[in-house]
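Heads up, the chain below is alone and in the form predicted alone; it's given as structure tokens.
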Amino acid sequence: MTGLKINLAKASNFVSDNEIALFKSEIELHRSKIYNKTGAGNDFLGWVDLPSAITNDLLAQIEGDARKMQEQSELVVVCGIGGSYLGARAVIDALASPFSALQTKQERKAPLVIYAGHQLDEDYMVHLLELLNKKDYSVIVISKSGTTTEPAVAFRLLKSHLEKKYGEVGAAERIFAVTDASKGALKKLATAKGYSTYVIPDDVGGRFSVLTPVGLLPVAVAGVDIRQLVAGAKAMEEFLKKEDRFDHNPAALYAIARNILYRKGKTTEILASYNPSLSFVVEWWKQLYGESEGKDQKGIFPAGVGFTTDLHSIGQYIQDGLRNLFETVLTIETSRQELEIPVDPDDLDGLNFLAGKRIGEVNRMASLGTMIAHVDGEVPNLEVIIPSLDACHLGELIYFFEMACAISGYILEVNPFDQPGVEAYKKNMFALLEKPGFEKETQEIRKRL
């Protein structure tokens, strides 16, 4: 049994028990496809039993390399894009102090993890290299092929900078590559230079890879207990596999509810959180669902908001705008910290009615009030609840969203594990940059410009 729960009560006007019951046989079929690995994209179903397959030897190796980086570096740069960095950043940001960048390494008890290769902004890279001139640092480069443009460009710059700063041998001791087991440009370079390497499993796609070394190595460097993260994911894996009653299985219920809403014209799902530490969990979720479902002119558009902040910006649209929306609210039952609102003798702000209440209680009432208001405004609300924000429950949440995504994609009748549309912009970019082999495409696209 796990601590995660799903609450569909605030969508009951839109999703009935009878409608859910109609999915019984379909869910049984899709679960069979997933667990027997017979459905579309079955060569990328390695994530299904990944948590229980992670060995103690692998965890020990990751922890050892993480300690090495912690000892020699004040900063660790994670160089990757999409699934090669979003999952790790989601976990790290969720569990770190929001002001960790202002803390010393001793206060953090771990290096500050920062990111490169997730975009192509020139100013960002100049400022990053200027910072790295002043700091001891290591690099974790994550790429299956080693040729994805954004991380490949960033890593070329970082590798050059490291070798100038520490020498070729010293740089090699500070570079850790997570890549293919046997092929690709990064694997070839890592072997030639003697970098410490980890394998991205062939049967795990990038957006499902947070529980591989892709996510576990950066997370361990940041000081997170990866054994607890994996334990939470393993508990959810075992629970969801054992719970074959579809109406008691939270991943199945979430997948069913969102597809019922989609068929009723609710084509945009907003993942909402009242905890800013979860902002990159939302970003990871957006990639997971957007890349998995947005195919064949179909799919629920994944958006994200941070409440209560965004209630003062796009809250008006959610309340009164186009009614093609539904929300999934991430709720954390217990805060990690406690802070009460004090009494003010003058009470000029009129807030003494809140005196003695914890800020977490006020935040929870804001959440409940908003959900009721949005439901009244015909925006159904689903709620995913975890008891507390810690590594174990984050592991549960990650695996829950992955399984629900697979089921939902099959309900939608798409392959949830490929991403053919991602290649379109790359072809155009390579043509515009006159990459060898793209001469014909270069001529054609320049006519269009």
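Keep in mind that what you see is a predicted model, and the values were worked out from it rather than measured. Start at 1 and count along the sequence shown; that's the residue number.
From this point on, the text means the form predicted in complex with 5-phosphoarabinonic acid, which you will not see here.
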property: Contact check for Arg207, Gln287 and Glu291 against 5-phosphoarabinonic acid in the predicted complex, heavy atom at 4.5 Å; result: yes
property: Heavy atom contact within 4.5 Å of 5-phosphoarabinonic acid in the predicted complex, the stretch among 139 to 147, 368 to 376, 166 to 174, 229 to 237; result: 139 to 147
property: Close approach of Ile81 to 5-phosphoarabinonic acid in the predicted complex, 4.5 Å, heavy atom; result: yes
property: Asn415: touches 5-phosphoarabinonic acid in the predicted complex, heavy atom cutoff 4.5 angstroms; result: no
property: 4.5 Å heavy atom contact, Gln70 to 5-phosphoarabinonic acid in the predicted complex; result: no
property: Residues of 418 to 440 having any heavy atom within 4.5 Å of 5-phosphoarabinonic acid in the predicted complex, listed in sequence order; result: Gln419
